[in-house]
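Just the one chain here, the form predicted alone, laid out as structure tokens.
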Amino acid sequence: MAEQREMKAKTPWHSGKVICVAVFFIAALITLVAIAFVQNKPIPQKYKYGIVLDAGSSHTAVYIYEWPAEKENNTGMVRQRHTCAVKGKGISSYAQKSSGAGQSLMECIEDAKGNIPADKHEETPVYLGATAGMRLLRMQDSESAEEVMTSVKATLMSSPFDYQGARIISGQEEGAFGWITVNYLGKNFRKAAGTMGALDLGGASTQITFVSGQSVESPDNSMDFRLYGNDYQLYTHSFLCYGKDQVLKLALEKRLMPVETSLEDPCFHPGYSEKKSVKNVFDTPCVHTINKEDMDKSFTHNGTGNFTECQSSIMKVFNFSQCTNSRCSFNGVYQPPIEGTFGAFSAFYFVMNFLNLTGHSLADSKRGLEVYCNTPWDAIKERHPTVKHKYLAEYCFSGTYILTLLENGYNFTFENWKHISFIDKIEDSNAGWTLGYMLNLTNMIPAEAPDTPLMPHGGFVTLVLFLTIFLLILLLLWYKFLGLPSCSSPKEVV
């Protein structure tokens, strides 16, 4: 027909085939976007929690740790979440009223309840480790020590947490777990450079721990650990009665015998004078030469402030004459040669930091202490008005003792003194034995099955590729059914 126009035939957009292709295209596109979103959605991290109470000689501290439920290399990735200082003295001070030991922990237990999610309370293990203060009390009065431990056990068992034990840990354990802490925090277990030794100083004991290249001659000073797939044989020893508080009593004992009415002490500042009871100063199993009849006496403690004489006085508490092994530190205790770097924490850090000597050489530290010890007591009090006089008066002694212990006791030299780092915290976690203790214990806690992505990475890539190809096919079908759009006007054919 003449009026018939010749046009390129096209499929209407609303035909069944076009609608079907559009539906499949939209569905495939939505599926692809949804899978990509779910696959890459951040996985909520599951955490476990643990509580360790450090019942030391002078105070108790409560540490809360957390770690991912999925462990890495058989060692839980533990970090310190919170800490609470128990008010009052250490639990060993409750020997005459044992019930007070458990009661003293209640405030920090309540604090822990608020820092751990409520739904995790029942599965959160709680441990208490008592150190040198309780070791001394057990030596002095085993019955009282048992009553104190019974009191703290009852308190922990009544808490909502999973009570796992309260015990007096050995000095070797304290040293070894401190070594684990400094190396874990320093990430040394993942480095080829080796581990760091640990130096710990408390009120009643001191510990030295390091990996020695030599075979350990004394089995009592050896401990084995397996961490991050590696085996470590440690040399470790704990010297009971050689913490800074107890060794002060030993040094005073040497100077006061026989018991007199006054004592001139070069380890205290010039002008320092304090009347003290013999019983209050020397009522400890570390002191053996004070007679019972002298315990009711008192003496006046006067300071003369002389670093050199103070060091000579402290040297008398060490015994360097006995050694049945190839080499010893002091008191006949075997010690292999010092190797590598060391982290010195607890009272090592607190005392040296107060004296501003943490970054000094051994020679400079001695010169600094010489000036400090010779400073008049009135000037020291004026310089530090907020520090309790009891603690302030002892810094000259404590600093001199630390230098003497490290140099003459542990055999550090002017050359390798620079290998000692005085540390308090590493990455917001306190240096000390409790973190190492927690790390060791988490190896015995089964790991939960981790939350995983929707599908494995390979499966995800395959599905995305399939959906992409499917979308391309749908686009081709769309083109086939509708054709390419044309911008030119149709021509009439007469």
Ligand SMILES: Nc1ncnc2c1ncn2[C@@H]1O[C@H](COP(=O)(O)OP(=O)(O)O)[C@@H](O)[C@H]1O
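When you see a residue number, it is the position in the sequence shown, counting from 1. None of the values given here were measured: they were computed from a predicted structure.
In what follows, reference is made to the form predicted in complex with the ligand, a form of this protein that is not presented.
Student: Looking at 99-107, 378-386, 162-170, 346-354, which lies within 4.5 angstroms of the ligand in the predicted complex, counting heavy atoms?
Tutor: The contacting stretch here is 346-354.
Student: Would residue 57 count as touching the ligand in the predicted complex under a 4.5 Å heavy atom rule?
Tutor: Contact with the ligand, yes.
Student: Whether residue 205 contacts the ligand in the predicted complex should be assessed with a 4.5 Å heavy atom distance threshold; does it?
Tutor: Result yes; residue 205 sits at the interface with the ligand in the predicted complex.
Student: Does the 4.5 Å heavy atom contact test between residue 395 and the ligand in the predicted complex come out positive?
Tutor: Residue 395 belongs to the contact set for the ligand.
Student: Do residue 133 and the ligand share at least one heavy atom pair within 4.5 Å in the predicted complex?
Tutor: Yes - in the predicted complex, heavy atoms of residue 133 and the ligand come within 4.5 Å of each other.
Student: Could you check which residue among 232, 320, 391, 189 gets a heavy atom within 4.5 Å of the ligand in the predicted complex?
Tutor: Result of the distance check: 391.
Student: Sequence order please: the residues of 161-186 with a heavy atom within 4.5 Å of the ligand in the predicted complex.
Tutor: The one in contact is 174.
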